[in-house]
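Quick heads-up: it's one chain on its own, the form predicted alone, in structure tokens.
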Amino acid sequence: MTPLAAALPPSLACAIAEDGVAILRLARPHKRNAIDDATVEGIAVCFAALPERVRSVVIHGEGEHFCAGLDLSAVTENDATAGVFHSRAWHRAFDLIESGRVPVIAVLHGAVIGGGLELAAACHIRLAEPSAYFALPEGQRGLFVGGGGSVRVPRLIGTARMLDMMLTGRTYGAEEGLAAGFAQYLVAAGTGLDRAMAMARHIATLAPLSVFAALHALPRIAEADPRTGLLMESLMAAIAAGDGEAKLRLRAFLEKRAPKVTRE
């Protein structure tokens, strides 16, 4: 593993493996990995500075928690103007995750609340360990989500469920969170990082154009009206199938040099 060649705050650490997988660690365990301004800026720097050889990223939290959300000491004195710019800084950082070049996998354990849930929602795949719990306490603090949660979280769990969480303070454990859509996988305690790394290594072997289509075309197709979406699908399918790497992979399959899909 080699450190990322970019200056990050002490609250973050990023290293890159030879197989093209990067690991970004939230490193404020004494604060349950709560996110302050320096951490938000560091996330933006990290994803903007990923070298071309990086093909996937895993995000996890040091200690007992993934992320307990916004460090409230960072906003207690903000006026409305400062609050807008503060929120937009989170948007910029998390957009680099969601709309970046590489798939991002979040390993969730312990607290995944407030801004921590917003960070997880910006990732493409989420694995939850049994200790993970999900909450949006902003409503109990007199606040409103500001890190993209009002856009991304309803896509995962629906607007009605998010509204309930914000008004009542409801929390979800790992199993019910899986069923609700907070995560795609529930894994055994202590195995999340290894599972995520294995998944990231597999993703790193995929054709770049297929990954691009999944990250950038699929979300736009899902949000488009059906007729526009189907046209976008046809165009993306044709572009992907015409790619040189796709032709090599199809030939390998037809010549029985690539495995068929099975379920054990």
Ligand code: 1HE
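In this text, all values refer to a predicted model and were calculated from it rather than measured experimentally. Numbering starts at 1 and runs along the sequence shown.
Keep in mind that the form predicted together with the named molecule is missing from the display, and what follows is about it.
- Among the residues H30, H202, R220, R227, the one placing a heavy atom within 4.5 Å of the named molecule in the model of the complex is H30.
- Proximity to the named molecule in the model of the complex, taken as a non-hydrogen atom within 4.5 angstroms, holds for one residue of L156, I125, L193, L143, which is L143.
- Mapping the unseen interface onto this chain, L26 falls outside it, with no heavy atom inside 4.5 Å of the named molecule in the model of the complex.
- The named molecule in the model of the complex comes within 4.5 Å of a heavy atom belonging to S73.
- Residue contact check for P137: one or more of its heavy atoms lie within 4.5 Å of the named molecule in the model of the complex.
- A residue is said to contact a partner when one of its heavy atoms sits within 4.5 Å of a partner heavy atom; M236 fails this definition for the named molecule in the model of the complex, lying far away.
- Of the candidate stretches 202-210, 227-235, 41-49, 64-72, only 64-72 contains residues with a heavy atom within 4.5 Å of the named molecule in the model of the complex.
- Counting a residue when any of its non-hydrogen atoms is within 4.5 Å of the named molecule in the model of the complex, there are no hits in 182-202.
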